[in-house]
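Quick heads-up: it's one chain on its own, the form predicted on its own, in structure tokens.
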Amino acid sequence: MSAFGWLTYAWNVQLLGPAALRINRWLSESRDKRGSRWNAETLAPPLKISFKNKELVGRHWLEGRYANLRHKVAWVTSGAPVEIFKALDYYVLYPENHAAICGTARVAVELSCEAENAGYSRDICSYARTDFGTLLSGKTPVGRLPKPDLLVACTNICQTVLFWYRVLARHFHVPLIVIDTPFVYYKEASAHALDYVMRQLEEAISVAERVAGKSLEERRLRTTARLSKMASELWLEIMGRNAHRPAPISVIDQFIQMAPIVEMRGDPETVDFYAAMLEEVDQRIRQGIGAVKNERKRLLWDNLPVWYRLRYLAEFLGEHGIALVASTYTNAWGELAPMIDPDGGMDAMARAYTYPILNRGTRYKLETMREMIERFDLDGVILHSDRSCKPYSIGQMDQRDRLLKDHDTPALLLEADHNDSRSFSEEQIANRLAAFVEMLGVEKWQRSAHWG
């Protein structure tokens, strides 16, 4: 790195930027004390840790703006074995997370249109279209994305990423690592399949070392894996606290607070963040604070969130005393924690990254939902039929019917899209939610009836 590059990086990433983000957090906390925007009659105040989350994620994307000055950069899928690249000192960027940020910032449709105008079909994943739109237009709510030196696509979440990352590889003219994980149709992957994944991981290390210009140190890999395991265990423990009544946090809270476990696995700051979050959640339990005031019904959410309408869903359900308590999506980032073995080498890593929920059959997801219904004492399920995430949505009609027939649990099929608001019909959504709420036997919460 040149002296000018070093000074630019140090000034913006280590000095000025963090100070600005910290000041912004203090100001946000101060404004929150004077009165927040949440519906205080039906919903608990947002978690205080939210301000720290915003600062932590902000620092991650701030570092990304200047990452090319100091680090090699790897763009990876959310199911990629990130520990390898973190241990080689790559700055790791997740295009899916960037797309989700675009969704919450309400710019995903504009970016998707850029991609569609260039010939990409609206039928492909809205995350992919959002990021293609950023590549074509240069527009992004995070300031600037660093150019990748390496691309890593792991097929354990879907096959779309394979084609998505081929587009990126052609655009940037950089090496592409593909880690193909054989589908686990029910309970166990074969020894041959795990060996196949392990050999691909070993080949991936060779390519990553060559691009990084350094060798992977086993000690650093174990340390990074240990941090990933600790963060995943804390996240799993946080979600498990919703077995309490009232549930201390909602699935909406989980969607908001999950960013570090996705894009910053392997960092010590992520472990510290979730340790602090667990402490705050436990404090809520001690004080009897529920995410939804007057909690009367508890639901499971299946599939990705509707990023651009989180608040709408939270307030609609909250007004009826309904808490979203558990989610197959947020659970996916914690359920593999027992499989992460920092001392298990490539064999353990191959196993952990072969078993994400989207790389397993619909029967497994149904059994996961049944187990969560029992553990969290749930009254129903909302199945988000995601227009552009077909791997997560497949089988939901059968799962809805089986939940009712075999488990006496009603389930609502809600059609939308995780990032493209053009596929969100507010009138249709409101009607279906209202009908489902009526089926659950709850009426809209009235302030006078409970607070006098």
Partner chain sequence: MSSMLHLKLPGRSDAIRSFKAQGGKIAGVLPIHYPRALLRSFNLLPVEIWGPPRIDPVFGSAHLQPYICSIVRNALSFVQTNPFQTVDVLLVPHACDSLQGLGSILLDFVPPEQPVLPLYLPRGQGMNKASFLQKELETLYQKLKNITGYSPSQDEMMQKILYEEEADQKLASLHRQRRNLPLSDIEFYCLIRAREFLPAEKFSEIAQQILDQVRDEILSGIPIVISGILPEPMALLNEITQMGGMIAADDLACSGRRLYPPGRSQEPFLRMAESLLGAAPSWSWGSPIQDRLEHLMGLIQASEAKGVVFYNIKFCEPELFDLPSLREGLQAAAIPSTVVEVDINDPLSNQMLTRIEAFLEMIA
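Residue numbers count along the first chain shown, from 1. Nothing here was measured: the structure is a model prediction, and the numbers come from that model.
Omitted from view is the form predicted together with the partner chain, to which the following refers.
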Inset, instruction - Kindly indicate whether 166, 387 and 398 are, all three, within 4.5 angstroms of the partner chain in the model of the complex, using heavy atoms. - result: yes
Legend entry - One residue of 138, 288, 143, 119 in contact with the partner chain, assessed in the model of the complex (non-hydrogen atom, 4.5 angstroms): 119
Inset, instruction - Could you tell me which one of 27, 404, 40, 394 places a heavy atom within 4.5 Å of the partner chain in the model of the complex? - result: 394
Legend entry - Partner-facing stretch of 84 to 92, 267 to 275, 155 to 163, 213 to 221, counted where any non-hydrogen atom is within 4.5 angstroms of the partner chain in the model of the complex: 155 to 163
Inset, instruction - Answer with yes or no whether residue 343 is in contact with the partner chain in the model of the complex, where contact means some heavy atom within 4.5 Å. - result: no
Inset, instruction - Evaluate residue 283 for contact with the partner chain in the model of the complex, applying a 4.5 angstroms cut-off between non-hydrogen atoms, and reply yes or no. - result: no
Inset, instruction - Answer yes if any heavy atom of residue 123 is within 4.5 Å of a heavy atom of the partner chain in the model of the complex; otherwise answer no. - result: yes
Legend entry - Distance check, residue 363 to the partner chain in the model of the complex, heavy atom within 4.5 Å: yes
Legend entry - Those residues of 186 to 218 which, in the model of the complex, come within 4.5 Å of the partner chain by heavy atom: 186, 192, 193, 196, 199, 200, 203
